[in-house]
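Here we start with a single chain on its own, the form predicted alone, put down as structure tokens.
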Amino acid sequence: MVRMEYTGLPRIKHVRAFTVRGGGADYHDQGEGHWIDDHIATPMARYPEYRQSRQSFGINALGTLVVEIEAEDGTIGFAVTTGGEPACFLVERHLARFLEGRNPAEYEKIWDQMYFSTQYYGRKGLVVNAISGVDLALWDLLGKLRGEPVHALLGGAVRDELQFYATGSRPDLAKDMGFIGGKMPLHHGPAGGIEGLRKNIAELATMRERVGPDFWLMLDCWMALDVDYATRLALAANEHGLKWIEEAISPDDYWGYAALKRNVPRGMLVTTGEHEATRWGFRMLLEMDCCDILQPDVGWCGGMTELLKISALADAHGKLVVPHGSSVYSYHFVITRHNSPFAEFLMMHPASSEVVPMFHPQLIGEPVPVNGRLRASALDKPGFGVELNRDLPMHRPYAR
């Protein structure tokens, strides 16, 4: 049997990995006074010394990973995610062997080899972050080589525009900016006791008064709660029209999520998946009936190649997929999927009072919502449609 070769695509020549600090893909790496690091409930809040700031326990320790994949004709695809220097090591010393010399259209085979070659020390977390960065850079390269946006490679847009909810400290301002809803960080967890619970509900009540009865309000609990506290929070929040309670429990506690979903008031949604990875992790969430909406981050769950599988699995279970943040990497996906009817926009302005590009300063040409919406035509440039800011001090620690 003669093996047919793809025609017209140059092979991959080089894979390079860099790290860079200061915002961008590692969006928690912000300066003092940013809402994203202001006394937000976390699993580490049980320790008083780590309660005020997430940076105090190292949420920004890794920094951004930048992956470049260069084809033989000089075309470069790239992507950014979290992972920093440890992920650079994985990309250059382990994963690159599965790409260099290969056809960029073989993304399924490349993903399979990256995942199963690292399974003995990977499966989730940092290793899958690195795989995600490589996979996204590969899709960017493929789009550029074919002269098509990634959403066209995924089957094309199913709607003319994206609509967004905003995650930040000021849902009332988000409403004025045209977003369909606002998700607030939870500020107090179990360590704050009943007084902290009252403060959470008071903050929600105040925001409901500001935005009126019909605007969506959600709470992002960032893995900080147990089933009992999350249940009490959900019951108390119900009178203030809470649309959903997000990532309330440790991502490993599938049984806790299943219990919470049974416990919350009828009509309130349970959402999670931001820190889940691969089709197998999301299969657990689906088959154990843990949530109503899956929220994979395309830069952490395994990349675009894996997100497509996660989405298909969710669709078969009648569940929505609304990816966590991730800027253009999720926009190109959401615009192509019927079970992804809206998208998240992370308000990266320190006071949540302006719409600014999420991955600034690392991406050039990053589109942002206008009046809470983004036209599909804003995503029509080849690849993911953005360029890398090469004025940043990028470091390549494991150059080959």
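Just so it is clear, the model here is predicted, and its values are computed rather than measured. One-based numbering along the sequence shown.
What follows is about the form predicted in complex with a small molecule, which we do not show.
Notebook entry, point to check: Tell me, which of 92, 220, 106, 306 has a heavy atom within 4.5 angstroms of the small molecule in the predicted complex?
Noted result: Only one option qualifies, and that one is 220.
Notebook entry, point to check: What is the one choice in 39, 360, 28, 375 with a heavy atom within 4.5 Å of the small molecule in the predicted complex?
Noted result: Looking at 39, 360, 28, 375 one by one, just 28 meets the 4.5 Å heavy-atom criterion.
Check: Looking at the small molecule in the predicted complex, is some heavy atom of each of 148, 332 and 381 within 4.5 Å of it?
Finding: Heavy-atom distance to the small molecule in the predicted complex: none of the three under 4.5 Å.
Note to self: Based on heavy atom distances of 4.5 Å or less, which listed stretch (44-52, 66-74, 364-372, 28-36) is in contact with the small molecule in the predicted complex?
What the structure shows: Answer to the contact question: 28-36.
Next item on the list: Examine residue 185 and determine whether its closest non-hydrogen atom to the small molecule in the predicted complex is within 4.5 angstroms.
Entry: It does: once the small molecule is placed as it appears in the predicted complex, residue 185 has a heavy atom within 4.5 Å of it.
Margin query: Against the small molecule in the predicted complex, would residue 140 count as a contact residue? Criterion: heavy atoms within 4.5 Å.
Written below: No - in the predicted complex, heavy atoms of residue 140 and the small molecule never come within 4.5 Å of each other.
Next item on the list: Answer with yes or no whether residue 167 is in contact with the small molecule in the predicted complex, where contact means some heavy atom within 4.5 Å.
Entry: Output for residue 167 is yes: heavy atoms within 4.5 Å of the small molecule.
Check: So, in the predicted complex, is residue 246 in contact with the small molecule at a 4.5 angstroms heavy atom limit?
Finding: Heavy-atom contact with the small molecule at 4.5 Å: present for residue 246.
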